[in-house]
Structure formats: C-alpha cells, structure tokens
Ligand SMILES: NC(=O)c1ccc[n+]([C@@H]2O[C@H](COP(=O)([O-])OP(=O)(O)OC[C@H]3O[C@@H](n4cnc5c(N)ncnc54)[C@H](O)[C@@H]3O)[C@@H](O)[C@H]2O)c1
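First, one chain by itself in structure tokens, the form predicted on its own.
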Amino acid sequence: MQEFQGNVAVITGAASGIGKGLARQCAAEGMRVVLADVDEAGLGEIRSELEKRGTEVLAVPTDVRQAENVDALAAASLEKFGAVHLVFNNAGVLLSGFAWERTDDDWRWVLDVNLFGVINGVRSFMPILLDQGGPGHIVNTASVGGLMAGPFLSPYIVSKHAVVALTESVYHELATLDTQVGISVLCPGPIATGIGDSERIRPADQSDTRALESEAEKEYDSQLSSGILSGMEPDEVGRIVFEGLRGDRFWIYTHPVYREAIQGRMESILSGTNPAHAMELPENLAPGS
C-alpha cells in the first residue's frame, strides 16, 4: 500500500504498546481508525486521544480468542466506515517458565491470543479486502522470537513461530490470485510495552497457572522484564511499520536483523547439529508486542 489518507485501519491490541503506537501513526497518516482490545479502559484512553486530534475513531471491545468476536469487529468496522483497507493483527501476551510446568490454561491462553487471534483476523478480514477489489494489506505481529528459540518462553516462542509460518503461507497464497491485497509480518525486537505484565488482562476462564519456582526461571524472567522496559518506544514502531508498507516489504523489523543468531540456528538445522545453548537472555529475544 502507498496511499493511507482517508482509508480505514483496524488494530487489535490497540489499548497499549505497539498497538497504541500503530494507532497514533495511522492517525498521523490521516486514516480512519478502528481500535480493538479486551482492555476497555485503555481502549477508551487511546480513543479519546485520537478523537482530540480530529481522527475518526471506532472503539470495539474485542476478545481475539473468539472468532465470533473478530467477526463482529469486522462487521462493526464495515457498518461504521463502509470499508477496511489495513488490518493489524497485533494483540499479544506472554508468560515464562519451564514448558512442562505451564498449565493447560497457560498454553491455551497464549496460543489463543497470539496465534488464533491472528488466524481469526485473517479469516474475518481477508475476504473483505479481496472482495473490495482495490489495494489492501494485513500486518501480523510476530516477534524476532518467531525466528529463533530460547528457554523459558515456550508458549510465546511457539505462537510467534506459527504466526511467521502462517503469514508466509498466506503471502504465497495471495501470489496465486490477481489481487492488490498484500500481507506482511512484523518481527519486533525489544519494545517498551506492557507485555511483561500480561496477567493484568488475563481472562478468568484461562486463569489457572503456576508460580515460577526455580532460580533459573526467576533470573530469566527478571532479565526479560528489564529488556522489555528498556526497549524501543512503541511510537517508533508505528513509523517503521509504515516505512515497510510503503516499501512493499514482507519482513518488517524494528531492529537490525540478528543475523548471527538466526543464521546459527539455520546452519544447525541444515547440518543436523544440536542447538547452541545460552542461559542469558539475548537482548533481541525480548518480546515487544
């Protein structure tokens, strides 16, 4: 996409972090904006902020885990603005700990939000974009954690690898069609967001969890929190994403590509060698969405 003025953007996870940064950038581009989140208080805050800037805004409380919620978001967007042009499947959460000690609710919550939230967004909005017949685009938020692996973040890492694979598959599917609709994957490095405190928005129906017990888990969790808090400002992410859209880029990175870590993993896969282990959190693995 090259033109944004007057077009309609839909953003999930819009009440905080990268979602809020994307919302502000959409407003700066002159777009009409649909905001979606489970955090209704935060949703109200960013809606008021954008309205004061003269942006046309619709705020829709949305649980992206539920396909019918995302369908309702799409319907509300069309009812309000008559079209949708740009969709950010951005909602995300995380938790840490040994994979085998994460509860069923732990795994399902992270996968339902991070992966099925994206799947639901693609299923609800892609037919709209294709049927409109003009330019359109979807941006799925993954992470550099979707390109590599490390300890104590298994649900998050699994979900983000899946988002990368899904987005790349859809890219190839769109190439078989005569369409102006595109798709990109956003792989942020460390971003100063509230994702480290995802428990604040955790739903009651998936609340069963276990506290971190080992010193290794606790140390890693502390490194993770520090890495997130010292990360890039979310508003800068919005600017970078729109640069990527204007450049027709599939891969959108917020930081220089961590070639050594990614290449090392790929070489290990191709050569069949065991993965290299590092206890310390690589600064590039700190989640951002």
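Remember, predicted model here, so these are calculated numbers, not experimental data. In case it trips you up, residue 1 is the first one in the sequence shown, and so on.
Another form exists, predicted together with this ligand; not displayed. Remarks below refer to it.
Judged by heavy atoms within 4.5 Å of this ligand in the model of the complex, the contact stretch among the candidates 152-160, 207-215, 122-130, 75-83 is 152-160. Although the partner is absent here, residue 138 sits far enough away that none of its heavy atoms falls within 4.5 Å of this ligand in the model of the complex. This ligand in the model of the complex comes within 4.5 Å of no heavy atom belonging to residue 58.
This ligand in the model of the complex is not approached by residue 134, whose heavy atoms all lie more than 4.5 angstroms from it. Taking the partner from the other structure, this ligand in the model of the complex has a heavy atom within 4.5 Å of a heavy atom of residue 65. The candidate spot formed by 15, 37 and 113 is fully in contact with this ligand in the model of the complex: every one of the three has a heavy atom within 4.5 Å.
Taking this ligand as it sits in the model of the complex, the stretch 187-213 comes within 4.5 angstroms of it through a non-hydrogen atom at 188, 189, 190, 191, 193, 194, 195, 200, 201.
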